[in-house]
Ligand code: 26W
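One chain comes next, on its own, written as structure tokens: the form predicted on its own.
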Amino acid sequence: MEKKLKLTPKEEALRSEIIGKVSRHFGKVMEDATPKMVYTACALTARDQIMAKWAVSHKEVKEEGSKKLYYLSFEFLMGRLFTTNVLNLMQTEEYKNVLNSLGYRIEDIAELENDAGLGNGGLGRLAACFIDSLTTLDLPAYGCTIRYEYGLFRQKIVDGYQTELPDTWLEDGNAWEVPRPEETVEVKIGGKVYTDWHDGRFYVRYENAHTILAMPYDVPLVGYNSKIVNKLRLWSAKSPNHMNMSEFNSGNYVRAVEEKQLAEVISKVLYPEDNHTEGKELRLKQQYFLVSATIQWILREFETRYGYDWKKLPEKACIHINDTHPTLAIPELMRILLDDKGLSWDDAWEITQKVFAYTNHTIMSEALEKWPLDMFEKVLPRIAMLVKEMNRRLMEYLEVVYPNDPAKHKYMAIIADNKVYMANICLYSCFAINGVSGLHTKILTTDIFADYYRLNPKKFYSITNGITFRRWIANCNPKLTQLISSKIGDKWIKNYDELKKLLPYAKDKEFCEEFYKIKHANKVCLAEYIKEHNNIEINPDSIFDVQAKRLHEYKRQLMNVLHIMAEYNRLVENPNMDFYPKTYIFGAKAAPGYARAKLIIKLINNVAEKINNDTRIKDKIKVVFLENYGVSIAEMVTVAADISEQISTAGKEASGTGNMKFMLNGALTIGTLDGANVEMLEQVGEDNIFIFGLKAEEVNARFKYNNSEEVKDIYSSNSVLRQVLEQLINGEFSDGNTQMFRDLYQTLLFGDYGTPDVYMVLRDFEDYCKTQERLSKLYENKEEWYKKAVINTACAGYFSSDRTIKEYNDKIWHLKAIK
């Protein structure tokens, strides 16, 4: 139902454009249009403005001959783009008013956009924040990834277990992308490779290689009140052969399209399960597909603009490898420069070493990828040749710098024990390497990468991660944004240092009360969502304690749920005890093949089922597991949280960015001295963050020496912990099934290979419980709590991704902002 509202001339023009889009694209008048049609019309209207700006921006970047950043990441977890783009265009109020005049709320229209299935967790969300900040700071940059047709998976909880369904995020199309079929390139996989010299020229010949077409789709990205428009380039796999008509006419219909399907499966799913050979091969093919297409495009752009002076490439392009997944870009650049452009090895290698930079995101083994050499040679025969030659030259070099030390050579090798080590390719080849927090970088340079660090300390950097304020407060928490801006102006949204001006308001009682009202309203909204989707009634006046992140043992969701079980046991024994009501909220996906992580999800849901339906505890505890956690749910949860759970085993989390989002929106952190929690402590002071548990060096000492006796002592001396561990195997939370959670019991007390409690759940449990009690007690004093909450928000400026990007640019990329 349209509303008669007085609109400005600019708003009237916008209204006419939206109505025109509905008419031209769907053949409908507004009265007959569906809300989905209205969303598409709004998105296309915003896109038109961005495209016009993009055309001018592209021209200016080209005329200035600007150096460009190509940011290669296997994930870009963008979330919904409509409200962010409208915000960055500085037109939120115009769209809100126009949609109101048409009988819609902007929030309802925005919810009709599917979350882009281009990422999974922190790695992808970080990449999305980075590309936002790069554009906001007017730095020319392109994000590069695969256009995953189905994303990771859509999580469905069935009887407490995670089940995986296809994430069909593209089924309604993507209003933001622009197909570029004219820029399609070929990627060759498998087959045989033959090399030869002829007339003084090196030649490479492929036989029976499988050719896949990489077709790009561009998503224009606008920054917050920025001058330029950057883009996210998505590569989609296509077969050069649409269908085998001979097979089809013979009645072999499946075989007729088999080759097409085999080619296009490469861009179907993010992170195909790799606990079998086929899955591993598919992941390797995906990685090469992304980098080969991207490097071909980069060199084609350079050649068109600057000709064949390849030594200029490092002046015009910086290629950043976000974790090890895109590492094959390094030998792929060598391949093209050697095989296609005719450069010598030395010339190609000099260029390559000046072009690539690498960010390491974790010390966990799954991120330090390695591939079986025989698989590598089968899937990528030419790349395997180049990697072997790189390794041969590396070994010669190491014999000079670290003579007579075969153990060190093996540890630093690109190829060892018939495996190809991707991180070592980066360490050997890249001109810059960085960790993503102070503690993480220290671990890299003193332990994991220490031998490479000693060779060239100057190329190692520490750059702490950050988040974009545009999405993680301005977009998802507009009321708090308005409150802050009413006191210190709105420059802080783009100039992060301005946020410190909020600090004096932590002592302003009236301001803190307004801060509290906004938080409470956000909690009411989340409670309504939980009632609708989980059918659980929760109390908005309870403490909202949130742990929302990928499910992994080192992130210790298990310790969290064991503590909840302990609190429940206390309440069962004494229902009338003094206990401030708490709502524990979890959001997490487990990798499909990660059985123990999926078992922890089952435990959380079983604990929730029992506690939420036990009338004896009088609703003093509620437990909620949010299904299919992603960016849009995160936006709702982040603004409602009172407590932010950042409880990973010290030394295992590289940085974390969820901790920053919660802090920015006024949640208090309970956490270990891990990742960026260390810098958070430095920013807010020890009175405004709740640190517990072992430090990284203490964890490392216990892990190295397998102190099983300590675990036995903890078990025998802590009756609270002993009770919850026994409940894992006595059927208390599994309807009498004593075997359901036995694996969790076993790994904590005995370990998989004789090393118990690898992630220090039992060691940190008592300190964690005591710290939780301190937090609950503090919450009863609302005035003191919200003083600390405001301090957290005011001190979050350091964790802006704008600051992070400035550091990257000053230290590594050296891009020039477009004027």
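Don't overthink the numbering: it's just position in the shown sequence, from 1. Treat the numbers as computed from the prediction; the structure is a model and nothing was measured.
Another form exists, predicted together with the named molecule; not displayed. Remarks below refer to it.
Report the residue, out of 260, 610, 620, 361, that has at least one non-hydrogen atom within 4.5 angstroms of the named molecule in the model of the complex. By the 4.5 Å heavy-atom cutoff, the listed residue in contact is 361.
Tell me, out of 183, 274, 264, 514, which residue has a non-hydrogen atom within 4.5 angstroms of the named molecule in the model of the complex. Exactly one listed residue reaches within 4.5 Å, namely 274.
Any idea which of 136 to 144, 539 to 547, 122 to 130, 164 to 172 reaches within 4.5 Å of the named molecule in the model of the complex, heavy atoms considered? Result of the contact check: 122 to 130.
Does at least one non-hydrogen atom of residue 453 fall within 4.5 angstroms of the named molecule in the model of the complex?
Close contact is absent here: in the model of the complex, residue 453 is far from the named molecule, nothing within 4.5 Å, heavy atoms only.
Q. Just to confirm, residue 331 within 4.5 Å of the named molecule in the model of the complex by heavy atoms?
A. No, no contact at 4.5 Å.
My question is simply whether residue 402 lines the interface with the named molecule in the model of the complex - judged by any non-hydrogen atom within 4.5 Å. Judged by the heavy-atom cut-off of 4.5 Å, residue 402 is well away from the named molecule in the model of the complex.
Wondering, does residue 283 line up within 4.5 Å of the named molecule in the model of the complex on heavy atoms?
-> Answer yes; at least one heavy atom of residue 283 falls within 4.5 Å of the named molecule in the model of the complex.
Partner contacts for 433 to 448, taking the named molecule in the model of the complex and a 4.5 Å heavy atom cut-off:
Contacting residue: only 436.
Cα separation of residue 273 and residue 553 in the model of the complex versus here, shift of 3 Å or more
Closer: residue 273 and residue 553 approach by 3 Å or more in the model of the complex.
- Task: Given a change of 3 Å or more, say if the Cα atoms of residue 267 and residue 279 sit closer or farther in the model of the complex than in this form.
- Result: Relative to the shown form, the pair is farther apart.
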